[in-house]
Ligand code: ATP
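Okay, so here's just one chain, in structure tokens, the form predicted alone.
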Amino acid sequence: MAVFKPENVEDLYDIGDVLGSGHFGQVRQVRERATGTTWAAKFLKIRKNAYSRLGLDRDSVEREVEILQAVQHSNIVTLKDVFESRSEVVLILELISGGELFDFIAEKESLLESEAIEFMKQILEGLGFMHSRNIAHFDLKPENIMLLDKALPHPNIKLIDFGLAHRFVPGEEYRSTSGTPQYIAPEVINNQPLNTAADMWSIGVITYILLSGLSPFQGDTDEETLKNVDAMMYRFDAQHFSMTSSMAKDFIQKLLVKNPCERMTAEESLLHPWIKPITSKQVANRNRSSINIKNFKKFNARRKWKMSYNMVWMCNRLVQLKPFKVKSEPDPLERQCESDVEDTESKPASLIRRRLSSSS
């Protein structure tokens, strides 16, 4: 059960500058008076009743809080405190100032596979911890993989944004058609029962992009992308994977498997020879291979432009529709336009979530 404190947040924290803002509230930098530690405080407006159009549903906030309180791990954003008043909930979160991992990599002139693997290990360790507690993220993508502080020699990875995360209970059958098209698993598209294996598919897609600068299933439209995912339409193009090791390709192939039961788990992935080489030859192969940094830079630039474009379009569309729209359920566009910032460098546009309607 989520733990909410009844105290006033201002009694324990000094409220500082605004880091980000959105339809449902804002994120501010705060300083804990007792320790002097700096945190990020997410101030969320809560709907007063089921018919209100202002604010978030308290149950959805409580679910996210419960999950964050259950996944205290060095590679997952830390939730320290939660305060509640009549009109808002305040989440005290770790201040993540290093920006997105993909942006950090795009600033480099080169990157060996062995260096990229150090980041993948951290992602898998955080994910494995979640999965061991029967929790799936369901929204793994570059925008939700951050660096605590990019100035450190070995930056610490942080997984963020648990708005779509789900905690499984024994005997439950869970389905969802939410996610971002190029990262979601086939079982999501087909509205089949889900488990933590859906996250591992996303890891396969992210690894493919990291190494080549290409998105394996990306089509000209979302519909085409979804068809490519369902049809398993991907390949290792020689031009873009010329510097990629065979072990890296094998790692991806063991994740981009249509049957969820046959995919590697997070635990198995950490033991794969690409991540944990067994022989000196395997180590040498990793050190001779590198990511396609030139193409990766192009991919990341397109990704950032597309997110900015989509955010402007979505929010403008929301403003146009609002005077004419009556609803009892939260509007997905409102969630997409909402800032979910836990850092000082990422912008609200980097936290878009697309909701897919079921095809069944």
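Residues carry their position along the shown sequence, with the first being 1. Predicted model only: the values in this text are computed from it and were never measured.
Another form, the form predicted in complex with the ligand, is not on view; read the next lines as being about it.
Asker: Under a 4.5 angstroms heavy atom criterion, identify the one residue in I206, V77, V229, A198 near the ligand in the predicted complex.
Answerer: The residue in contact is V77.
Asker: Give me the residue from I157, L124, I96, I184 that has a heavy atom within 4.5 Å of the ligand in the predicted complex.
Answerer: Residue within 4.5 Å of the partner: I96.
Asker: Look at the stretches 160-168, 219-227, 116-124, 187-195 and give the one with heavy atoms within 4.5 Å of the ligand in the predicted complex.
Answerer: Selected range: 160-168.
Asker: Would S202 count as touching the ligand in the predicted complex under a 4.5 Å heavy atom rule?
Answerer: Outside the cut-off, so no.
Asker: So, A40 and the ligand: in the predicted complex, are they within 4.5 Å at any heavy atom pair?
Answerer: Flag for A40 set to yes.
Asker: Taking any heavy atom pair closer than or equal to 4.5 Å as contact, tell me whether Y13 reaches the ligand in the predicted complex.
Answerer: Looking in the predicted complex, residue contacts with the ligand do not include Y13, since no heavy atom lies within 4.5 Å.
Asker: In the predicted complex, is there a heavy atom of the ligand that lies within 4.5 Å of any heavy atom of N144, even though the partner is absent here?
Answerer: Result yes; N144 sits at the interface with the ligand in the predicted complex.
Asker: Enumerate the residues of 118-140 that have a non-hydrogen atom within 4.5 Å of the ligand in the predicted complex, in sequence order, or give none.
Answerer: Residue within 4.5 Å: D139, and no other.
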